[in-house]
Ligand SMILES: Cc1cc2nc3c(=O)[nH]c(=O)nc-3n(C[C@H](O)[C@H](O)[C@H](O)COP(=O)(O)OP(=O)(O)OC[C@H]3O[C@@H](n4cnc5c(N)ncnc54)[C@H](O)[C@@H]3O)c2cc1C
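Given as structure tokens, the chain that follows is alone and in the form predicted on its own.
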């Protein structure tokens, strides 16, 4: 069967790009290996307008946040399920110094996103007080990706398979993959980009993160709770807690060291008892400049890359998937800040 595009990878990048292209009446085929430890499936899917130890305003957040809300709300309507949780982050301070540093940095750029008058939840360790961050929340990525996979499957637009590069060829002005053909190939493989013979020269950096699923009665579902680590409520008394950060590490096997590091963070975060139900690992596809990667192969015809979403994938994927779709269809100019040409 012939498609307009074949997309390799059904994480956030591949799924959002497929959605944007399908809205533009494109027929797409998504090929994904179904691995459960992709970053998109394991991550908490948090988004926030303020980030980092210095609590600075997130890059392009005034553009990215409205696009996030409208895109995921439209997808909820399309897929008939809920996965977007637009709720505040209640963040406690680890020390008086951290509290003082935060208020010293509280300038006009970030004040609209901060509620300083808040009573810390009794289950949040907050001996030095807390604030709330608005315009924040989390996407239940597992629910979203499974629902979108079903949507694609119902349209004969999904294949679960390990992509075979040897089965890909270009002839007659088309890309041919097994029994399928397409005008364009788009690779959205996250950290697995290193195995891609066409784009492995692009420096996508592995960033390993440990995540717990825990059970606790100490917290509730009214906020995201954060003190170094975060806790988001999945259902009932079950929460997802994370994460650790280990650069240049693509080992997807949970380790005792990772467990202990995350347990120490969880002990600091939660004032109360909890039980660890599950310990998993995801690999974030990141870049040195922490910007996404959009572009086209310099030699191969109609071959594209959309990658490098990192830890902010939920926030940046909706907007930049639209940019990527426009680039594929109309050959628009990609800003150098996010282009493959910057490497």
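Numbering follows the first chain given and starts at 1. Note that the coordinates shown come from a computational prediction; the quantities given were computed from them, not determined experimentally.
The same protein also exists as the form predicted in complex with the ligand; that form is not shown, yet it is the one meant from here on.
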Query - residue 35 within 4.5 Å of the ligand in the predicted complex, heavy atoms - result: yes
Query raised in the report: For residue 211, is any heavy atom within 4.5 Å of the ligand in the predicted complex, or not?
Result: yes
Requested in this report: Considering only heavy atoms, tell me if residue 321 and the ligand come within 4.5 Å of each other in the predicted complex.
Outcome: no
Report task. Determine whether any heavy atom of residue 31 comes within 4.5 Å of a heavy atom of the ligand in the predicted complex, and answer yes or no. Result -> yes
Query raised in the report: Which among 155-163, 85-93, 106-114, 253-261 is in contact with the ligand in the predicted complex, heavy atoms within 4.5 angstroms?
Result: 155-163
**Report entry** Contacts with the ligand in the predicted complex, stretch 215-239 (heavy atom within 4.5 Å)
**Finding:** 230
